[in-house]
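Take a look at this single chain, the form predicted on its own, given in structure tokens.
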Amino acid sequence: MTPSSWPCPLPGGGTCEEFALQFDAGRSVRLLVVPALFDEGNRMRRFTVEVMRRLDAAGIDSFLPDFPGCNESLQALEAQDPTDWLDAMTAAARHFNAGHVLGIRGGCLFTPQRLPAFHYAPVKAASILRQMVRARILASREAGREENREQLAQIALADGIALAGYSLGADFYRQFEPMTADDDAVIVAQDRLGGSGLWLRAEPDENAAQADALAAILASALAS
């Protein structure tokens, strides 16, 4: 596994370098991995890399790019919208010459349409936002402030909002909320891996058996 970078398109033109992790031995089977979003991405980062490690052992190159505004990115998250993120993943796929793509949870919403896709436990954008809003309401209550979903939705649509430590612009919130994943993808449901999904854990975690299972499903499909 090595760090890498790729030229991410900027909304006003030009590009900036964004970070990626890669297992790249120049092999013919090359998989872009679009990570889970926000807190789920943090909780599943180690699991995602462990799946990539197993794919490497199976002879498959894989690439895990950052979303603009997340992780090591120097771009501002509040300046992003969903189109920017889809353009970014499309550019990453092109740069790394990926022939297939794996979306993980919310990452399934941003898999490039031109590539054959696998979607692991896809989730609707509205469900992601609902969990983030719930976390904010609980945190506010503990701090002695009362907030509700309707009030926060109005704030988000008018001015943007900070949810679970992530500053989302109004355009992002408005465009993201109705998004659903592409129906044409091959769905890998959690029950094929066994146990509960790691995105449900309170802290980042890993599960070797689940990583083995997902990597085996992908390797078998990519070899056919």
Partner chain sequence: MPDETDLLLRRILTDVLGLKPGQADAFDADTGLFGHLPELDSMAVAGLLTELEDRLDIMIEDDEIDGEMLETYGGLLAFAEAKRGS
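Numbering follows the first chain given and starts at 1. Model, not experiment: these values are computed from the prediction.
We do not show the form predicted in complex with its partner chain, though everything after this point is about it.
- Proximity to its partner chain in the predicted complex, taken as heavy atoms within 4.5 Å, picks out 195-203 from the listed stretches 195-203, 46-54, 59-67, 168-176.
- None of 109, 117, 93, 132 but one reaches within 4.5 angstroms of its partner chain in the predicted complex through a heavy atom, and that residue is 132.
- Of the residues 125, 137, 77, 86, just one reaches its partner chain in the predicted complex with a heavy atom at 4.5 Å or closer; this is 137.
- Within this chain, residue 145 is remote from the site of its partner chain in the predicted complex, having no heavy atom within 4.5 Å.
- Although the partner is absent here, residue 164 lies within 4.5 Å of its partner chain in the predicted complex, judged by heavy atoms.
- Among residues of the shown chain, residue 182 is not one whose heavy atoms approach its partner chain to within 4.5 Å in the predicted complex.
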